[in-house]
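Before any questions on binding or motion, here is one chain by itself as structure tokens, the form predicted alone.
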Amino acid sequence: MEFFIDSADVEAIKELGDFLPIDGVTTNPTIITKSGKDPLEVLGQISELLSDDQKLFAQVVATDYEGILAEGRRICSLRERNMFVKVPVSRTGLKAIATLKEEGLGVLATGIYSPEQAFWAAKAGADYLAPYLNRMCNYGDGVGQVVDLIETMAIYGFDAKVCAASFKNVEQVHALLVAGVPSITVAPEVIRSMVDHPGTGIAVDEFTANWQASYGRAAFEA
């Protein structure tokens, strides 16, 4: 199972990557604009934080076929390995996904709002499928549809991995982890909420206080 940070905040990526076994970073045009940096600059900084085995995803901005291909090739050239281009699942995008895969490039199909869109992206050869979970919930049972998608990929033996995206809370992440989602990308604030449960801090403080009261020190040995 792969767990990605969904961010272009270099400091947040560095913070979380320091203590979590993260598999890489996903970005999109909106996330990159929020960084306040030039796109190539921020992608270069993120890449420097990642090992060769960790993956980096960046999205095309062009909406025409030739433009998507040109941007996809440029994005995938930014690293020697484990660099993926994100392409929205429009009609033009699906056509471009097939071409980019024929060229041997790594592709994540994004902007997915239904299992049917993801099905066609998988048929086109996409490596990853990114359903927008929280946004899908605005149109119906988003969690249920992503679970259906996971099962559909397994039934037909597609190589494409579901990489669920667009989470607003820990409960949404929990629901898909339980469902066996192959990969997931989550914003830093939600990842922090997954880790920093207030009960853990209370328990640690109690342990330390009891040890201090009995042994006069806050460590196992003096």
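Every value quoted in this text rests on a predicted model; they were computed, and no experiment measured them. Residue indices: 1-based, along the sequence shown.
Unshown form predicted together with a small molecule; subsequent notes refer to it.
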*May I ask you to choose, among 172, 166, 54, 183, the residue with a heavy atom within 4.5 Å of the small molecule in the predicted complex?*
166
*When the small molecule is placed as it is in the predicted complex, which of 192-200, 26-34, 40-48, 154-162 ends up with heavy atoms within 4.5 Å of it?*
26-34
*Is residue 132 close enough to the small molecule in the predicted complex to count, meaning some heavy atom within 4.5 Å?*
yes
